[in-house]
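In the block that follows, a single chain appears as structure tokens, in the form predicted alone.
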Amino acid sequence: MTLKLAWRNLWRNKRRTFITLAAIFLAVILSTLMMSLKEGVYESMIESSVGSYMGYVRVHAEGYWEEKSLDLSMEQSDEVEYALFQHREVDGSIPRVESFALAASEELTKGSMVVGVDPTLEAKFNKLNERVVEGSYLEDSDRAVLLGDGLAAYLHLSVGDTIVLLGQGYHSASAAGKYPVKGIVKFGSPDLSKQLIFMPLKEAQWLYAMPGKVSGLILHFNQPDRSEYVADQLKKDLGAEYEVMHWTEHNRELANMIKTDRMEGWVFMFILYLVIAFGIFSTILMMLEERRHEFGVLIAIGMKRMRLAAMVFGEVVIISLLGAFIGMFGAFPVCLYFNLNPIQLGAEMQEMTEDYGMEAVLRSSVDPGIFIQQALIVAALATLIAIYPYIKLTRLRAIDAMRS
């Protein structure tokens, strides 16, 4: 009966109810958009440097990551592949040969990362073919390379020019080669574009004198959020002979930066929640003052204060949940718009973000967890505020209320 009265009371004064609903609705949209933009930036950072190149999980021979030496390369083993694909979250295993080399054009040189890739697998899982902005993509039989656009600009090279590579191969073998530039690739992370050189895997194995060997495997996931759990399981499955690294281990700088920024973000969100709380509190105070005479009459004719307080508490809870629910769905198209149409940063901000290896855009996230989380937080705030009218009504004097 109390909840039934609370529901009916909400619609006796539709304008008051809609004002309160609007306050909660806008609060949910505002908090969701702010959190969505922050999480969207993190997703872009992770995708630019991890998802598109480094990989969420990497598998190497024990000791490789610390030494970065091709002498610690690994054989392409069917047993390892079988262990990887025992986990249904893994939908791809991408072999690579990675090593540093001195890249030279006619007049300039630059230390670069040479990456031997399987063109078919890279196109399938990492969409490397879609990053070609000039020229054409690699084929397995090519004796040619793709250059990052930043590196190509530095060396003054374009499609059809020749690049010379000089490095050290497996067991100190000499690694030297001259290759035509078949294409130019562009990454969201400018830092990657300034140092990467791609060539077919077989050619890289020939260049570094390591046939049948790879420096490591990059795992692709159909559920990236499960990658950390899978990495922990693979460490047990593969044993001490191999090292399995989640991206938070092989890219600690990015992981720590996101963790620190997320903590700072929650401080700003706390301030926003305070503003939201005062906004909701003011609408509830307005409702209490408008109905003060009504409350006095109800107590005077015999309604118990506790039941009256429970009824009003129910009203606030219902309107809070309703407003949060509507706000959650109202926030989705707003966040979806900024996801499909990211905000382009100005020239100064663009230069600063690119220094950190990030794409110079603000793209919102559409992760459902963000919408549910913010709706629940705002609904909880409104419910907490509802304790005030509950206490107020349990102490209400009928005579004073009716004289108001």
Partner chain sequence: MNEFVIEARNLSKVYPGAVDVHAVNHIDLQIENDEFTAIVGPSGSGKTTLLNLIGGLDRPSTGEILVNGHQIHDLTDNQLIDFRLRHIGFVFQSYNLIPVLTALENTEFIMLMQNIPKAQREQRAIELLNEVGLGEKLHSRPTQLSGGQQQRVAVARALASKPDFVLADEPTANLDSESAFNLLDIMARLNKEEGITFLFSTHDQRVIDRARRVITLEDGRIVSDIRQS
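For the two forms, the rigid core is made up of the largest set of C-alpha atoms that agree within 1.5 Å on superposition. All of these numbers come straight from a predicted model, not from anything done at the bench. Residue numbers count along the first chain shown, from 1.
This protein has a second form, the form predicted together with its partner chain, left out of what is shown; the following refers to that one.
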Exercise for the section: Name the residue from L272, A176, L108, A300 that puts a heavy atom within 4.5 Å of its partner chain in the model of the complex. Expected result: A300
Practice task
Let me know the one among H220, R305, K213, K202 whose heavy atoms come within 4.5 Å of its partner chain in the model of the complex, would you?
Solution key: R305
Exercise for the section: With its partner chain left out here, work out from 176-184, 290-298, 158-166, 258-266 which stretch has heavy atoms within 4.5 Å of it in the model of the complex. Expected result: 290-298
Practice task
Using a 4.5 Å heavy atom cut-off, state whether T17 contacts its partner chain in the model of the complex.
Solution key: no
Handout entry: A398: touches its partner chain in the model of the complex, heavy atom cutoff 4.5 angstroms
Key = yes
Problem - I299: Cα shift of 2 Å or greater between the shown form and the other one (core-aligned) - result: yes
Handout entry: Core-aligned CA displacement of E290 at least 2 Å between the shown form and the other one
Key = yes
